[in-house]
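Here we start with a single chain on its own, the form predicted on its own, put down as structure tokens.
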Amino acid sequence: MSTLHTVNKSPFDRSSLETCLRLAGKGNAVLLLEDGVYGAMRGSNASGMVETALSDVSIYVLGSDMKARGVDVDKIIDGIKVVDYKGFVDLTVEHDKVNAWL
């Protein structure tokens, strides 16, 4: 049973992303949206744990939220996929359940 985990809080403000990545099972997916997109940035304090998690989970970031926050795609950690709203919907359909980390 696969789960899509959504994280909408900045990893610099809350521990939601850290907890999510620690508990997400192998084969699950994580979508970073709203302020959660900051967790996708290469070279940040959160990048090490995100890069490590990529070996077990697929990580996505919502492109429109990146753009709204001035995060360029070239600043994203290698292996993270950028999706649009259609891609967000596709992810919810592909997984058995969705868990929102607040």
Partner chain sequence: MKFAIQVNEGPYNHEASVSALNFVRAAVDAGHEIFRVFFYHDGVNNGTRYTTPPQDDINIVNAWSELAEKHSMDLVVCVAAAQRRGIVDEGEQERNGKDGNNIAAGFRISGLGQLIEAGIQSERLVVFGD
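Residue numbers count along the first chain shown, from 1. These numbers were taken from a predicted model, which means no experiment stands behind them.
Just so you know, the form predicted in complex with the partner chain exists too; it's not on screen, but the next bit is about it.
Enquirer: Hey, in the predicted bound form, does Arg69 get a heavy atom within 4.5 angstroms of the partner chain?
Expert: Arg69: contacts the partner chain in the predicted bound form.
Enquirer: Do Asp56 and the partner chain come within 4.5 Å of each other in the predicted bound form, heavy atoms counted?
Expert: Flag for Asp56 set to no.
Enquirer: Would Glu51 sit within 4.5 Å of the partner chain in the predicted bound form, counting heavy atoms only?
Expert: The answer is no: Glu51 has no heavy atom within 4.5 Å of the partner chain.
Enquirer: So, in the predicted bound form, is Lys81 in contact with the partner chain at a 4.5 angstroms heavy atom limit?
Expert: Contact with the partner chain, no.
Enquirer: Let me test this: is every residue among Ser10, Lys75 and Ile77 within 4.5 Å of the partner chain in the predicted bound form, going by heavy atom positions?
Expert: Answer is no for this spot.
Enquirer: Within 4.5 Å of the partner chain in the predicted bound form, which residues of 78-102 have a heavy atom? Give them in sequence order, or say none.
Expert: Those in contact are Tyr85, Lys86, Phe88, Val89, Thr92, Val93, His95, Asp96, Lys97, Val98, Ala100, Leu102.
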